[in-house]
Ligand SMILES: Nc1nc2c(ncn2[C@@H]2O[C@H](COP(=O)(O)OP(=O)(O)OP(=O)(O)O)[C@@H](O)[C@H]2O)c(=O)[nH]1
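Okay, so here's just one chain, in structure tokens, the form predicted alone.
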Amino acid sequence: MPEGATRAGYVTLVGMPNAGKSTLMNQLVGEHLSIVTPKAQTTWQRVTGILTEGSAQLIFLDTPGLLEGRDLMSKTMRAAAEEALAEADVVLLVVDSTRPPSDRDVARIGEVLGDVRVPLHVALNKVDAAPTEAVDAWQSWITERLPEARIRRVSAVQGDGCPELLEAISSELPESPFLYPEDEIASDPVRFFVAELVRETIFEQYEQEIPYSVFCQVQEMREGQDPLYIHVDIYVERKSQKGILIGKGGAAIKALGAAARAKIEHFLDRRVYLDLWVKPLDSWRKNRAHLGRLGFRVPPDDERASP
């Protein structure tokens, strides 16, 4: 590369649910951008994180886990991952190496990566907690089925192997001027991250189906006020879920607000007044119009599906 030239491009992270894609992107970017919880499948839309180091700018696209696509919501999430793959200059497959590859894993990964024509890297994640035989099983399968892939063993939580992974990916980016200002770490609006932090807290504080039935959307931010006023609507699928979210005497929603506000204040580095409103939106995950209203891009193939 000529002296003074720069590299820039999109790095799309893909993998099965709970492989650690979000944790890895946060580790690589150095910021908490994608929500992370012990529960599987918490990333529902793609999240963009930007890292500019030296002469390289990496635009990471964190994507939902590779789902089978049985219903409208899972098809929408699968489409988000495939759309991000189509934009990739480099693809980073993230696998959970604490267990060997299953038939379902290899079928979905093979299906999605079959048409990839850009450099492919594989992060064998969670190696700090993985049995040797499981790591070796993934290594063997990838070497056999994805021979063009460059494999790295990493721990997204501990950061082990991440500097080497970054260096390898950076070297594959196309020569290009930087696509974003050097000090930017994300392209999504602040409102998106605020809503995601509230949703992350719901995953942490509620059980069973509640977190998967909830979506958060910022309706108002009054920038001129101190503390900063933020109004967030929390949509649930059924009226009964509203009562669970609020809790007896409002105790649950107060605890949610306090925990989410602390995260948002850390993210924004300023005081926040967080105003949470819980609203039923009947079966929103199965309704094309509701999904569109909430900002999801439903794949065109489902246009004829009943709303």
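Keep in mind it's a predicted model, so treat the numbers as computed, not measured. For every residue, the number given is its place in the sequence shown, counted from 1.
One more form of this protein should be noted, the form predicted together with the ligand, which is absent from this view; the next part is about it.
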query: Counting only heavy atoms and a 4.5 Å cutoff, which of 231-239, 108-116, 152-160, 168-176 contacts the ligand in the predicted complex?
result: 152-160
query: Heavy atoms within 4.5 Å of the ligand in the predicted complex: does S22 have any?
result: yes
task: Report whether the minimum heavy atom distance between G250 and the ligand in the predicted complex is within 4.5 Å.
output: no
message: Is P38 part of the interface with the ligand in the predicted complex - any heavy atom within 4.5 Å?
response: yes
query: So in the predicted complex, does G257 come within 4.5 Å of the ligand, heavy atom to heavy atom?
result: no
field: Heavy atom within 4.5 Å of the ligand in the predicted complex - qualifying residues of 164-178
entry: none
